[in-house]
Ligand code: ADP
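Single chain ahead, written as structure tokens, the form predicted alone.
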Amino acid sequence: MAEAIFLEQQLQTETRVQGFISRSHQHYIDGNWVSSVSGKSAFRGKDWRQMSPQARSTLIWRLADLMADHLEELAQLDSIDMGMPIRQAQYGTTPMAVDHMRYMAGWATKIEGETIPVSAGNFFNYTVRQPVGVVGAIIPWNFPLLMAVWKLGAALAAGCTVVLKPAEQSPLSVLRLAELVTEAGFPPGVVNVVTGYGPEAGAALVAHPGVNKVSFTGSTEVGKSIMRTAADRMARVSMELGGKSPNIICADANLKRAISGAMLGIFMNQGEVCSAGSRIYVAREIYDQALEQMGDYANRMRVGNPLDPKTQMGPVVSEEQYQRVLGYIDSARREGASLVAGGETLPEAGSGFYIKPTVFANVTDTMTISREEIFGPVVAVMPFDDLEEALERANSSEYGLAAGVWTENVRTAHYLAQNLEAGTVWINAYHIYDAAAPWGGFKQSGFGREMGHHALELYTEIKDVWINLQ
């Protein structure tokens, strides 16, 4: 009986998803679906800004509840749209999006100022945090719903209005989210969605004089371009950009756990993760053993239809990305790296841009696959002789988003965590995220933090007030 109910629910979800996909989709502006957006469109926010914090919190929480009610549907949309394995969407990213929205709903009532004991005379001095205004949030294609919520939750809690620009490769879950915004009862204009290509719709959003702050997640190259445009009118910006994250496996590591974690670190979501651990440094005394096990692990991974619950890795998002990743594999071969596993396409998996999990050895730090962000299922595995060498090589990248360390020595763990130039360091784990923990990068991986209470700083301005008591 329970199985029959489950199958019926699955069928209903699939029917809703197919119905949603088959419809034509427009921009979501001021609570309406429209075919075009003019530069003069006003994103109303006065009612939202003046709404009580408790009322805003209630609406954000209501949206989270609706997301939870439609979790399977949202998960399928992300899986179909960009190739994310369905189990990752069902049990990872979509529940995380719900949790994040609930976490930020709680913060709406806790954004506080402070009183300051000034020495300039008989004055009462205090600060208030006020919403920065209209936020233009530009979303990447690799985690469409989750990335939208990371920006949306904090912005709404702070009292801002938001214009979301999802990636043209994977806009469906964000468009469905907009429907849930209406169902939750948000005032018109608080949440808006503008679709289109980055160089057109994204660039117009960044340049729009009505946008007070731009929050961008994507490549470092595009991030620099956005900063140049925003600088012309001093718009606030925050950036979560590229990465080339190192993963260090020490000689004393629990090797079984380290191999499993390192493979998750690079192959989760087809390697289309900004924090993917694409540079693995292994202590030389265990290097050969670890490399063999990594190759075996990669060869055993199940690649195929992302909607199949048994699939561990789906296709990359587009033909453009497919060719990009294959180009990096070819460059590694030309530059002298040794192929341990993968390196091939998988046409037998069906329609889609499938690439086998790929492991390279005999890689030097100057090779292209060691320096550039691939954003695909390709990893370079390199030996090191001592911790100082590993640390120096790990920090040699222009990026600094994340890093991993595998060791049973607490002193080693703390030493590397302290000295790695990365916004997040995982010890004996990888790809662990929580709504309460800040996320962001060092160096060319960007600035500003998403998640945690630190994210609220991106969406508020501090106003200082003086009252003369004389």
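Note that residue numbering begins at 1 and tracks the sequence as displayed. Since the model is a prediction, treat every value here as computed from it, not as a measurement.
Form predicted together with adenosine-5'-diphosphate (ADP): not shown, discussed below.
**Student:** Within 4.5 angstroms, counting heavy atoms, which one of the listed stretches 181 to 189, 140 to 148, 361 to 369, 330 to 338 is next to adenosine-5'-diphosphate (ADP) in the predicted bound form?
**Tutor:** Of the options, only 140 to 148 has residues within 4.5 Å of the partner.
**Student:** Can you pick out, from Ser225, Gln312, Thr127, Gln90, the residue that has a heavy atom within 4.5 Å of adenosine-5'-diphosphate (ADP) in the predicted bound form?
**Tutor:** That would be Ser225.
**Student:** Considering adenosine-5'-diphosphate (ADP) in the predicted bound form, which of Gly159, Gly342, Pro306, Gly218 comes within 4.5 Å of it through any heavy atom?
**Tutor:** So the residue touching adenosine-5'-diphosphate (ADP) in the predicted bound form, by this definition, is Gly218.
**Student:** Does the 4.5 Å heavy atom contact test between Lys165 and adenosine-5'-diphosphate (ADP) in the predicted bound form come out positive?
**Tutor:** Result yes; Lys165 sits at the interface with adenosine-5'-diphosphate (ADP) in the predicted bound form.
**Student:** Residue-level contact is defined here as any heavy atom of the residue lying within 4.5 Å of adenosine-5'-diphosphate (ADP) in the predicted bound form; does Gly198 satisfy this criterion?
**Tutor:** Contact with adenosine-5'-diphosphate (ADP), yes.
**Student:** Taking adenosine-5'-diphosphate (ADP) as it sits in the predicted bound form, is Ala203 near enough to touch it, meaning that at least one heavy atom pair lies within 4.5 angstroms?
**Tutor:** Answer yes; at least one heavy atom of Ala203 falls within 4.5 Å of adenosine-5'-diphosphate (ADP) in the predicted bound form.
**Student:** State yes or no: in the predicted bound form, is some non-hydrogen atom of Ser260 no more than 4.5 angstroms from a non-hydrogen atom of adenosine-5'-diphosphate (ADP)?
**Tutor:** Although adenosine-5'-diphosphate (ADP) is absent here, Ser260 would stay clear of it in the predicted bound form, with no heavy atoms inside 4.5 Å.
**Student:** Do any residues of 95 to 134 have a non-hydrogen atom within 4.5 angstroms of adenosine-5'-diphosphate (ADP) in the predicted bound form? If so, which ones, in sequence order?
**Tutor:** Sequence-ordered list is empty.
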